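Okay, so here's just one chain, in structure tokens, the form predicted on its own.
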Amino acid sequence: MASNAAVPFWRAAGMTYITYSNICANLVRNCLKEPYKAEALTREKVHFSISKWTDGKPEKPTIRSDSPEE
């Protein structure tokens, strides 16, 4: 059996690695000074498209933009 000593602290805290890395990334972005902070915040935005499929063919895609401040 594996010992609990080898478990990463983020796992021991009940987080996934993605959650842990998002927290770390937000902390780093908040510590940056201008103009680097503004650049980092613009890279944080996510853009994607969603297409519904009907009868095996995609319909017109919908462009979405999700960011934490919205």
Partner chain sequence: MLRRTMGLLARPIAAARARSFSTDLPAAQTADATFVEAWNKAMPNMDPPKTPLSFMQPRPATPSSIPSKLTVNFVLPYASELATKEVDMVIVPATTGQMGVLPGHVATIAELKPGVLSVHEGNETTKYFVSSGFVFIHANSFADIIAVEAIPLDQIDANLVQKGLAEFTQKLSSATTDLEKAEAQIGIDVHSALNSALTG
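Numbering follows the first chain given and starts at 1. Given the structure is predicted, the values throughout are model-derived calculations rather than measurements.
This protein has a second form, the form predicted in complex with the partner chain, left out of what is shown; the following refers to that one.
Among residues of the shown chain, residue 29 is one whose heavy atoms approach the partner chain to within 4.5 Å in the model of the complex.
With a 4.5 Å cutoff on heavy atoms, residue 9 counts as touching the partner chain in the model of the complex. Contact between residue 53 and the partner chain in the model of the complex is not found at the 4.5 Å heavy atom cutoff. The partner chain in the model of the complex is not approached by residue 45, whose heavy atoms all lie more than 4.5 angstroms from it.
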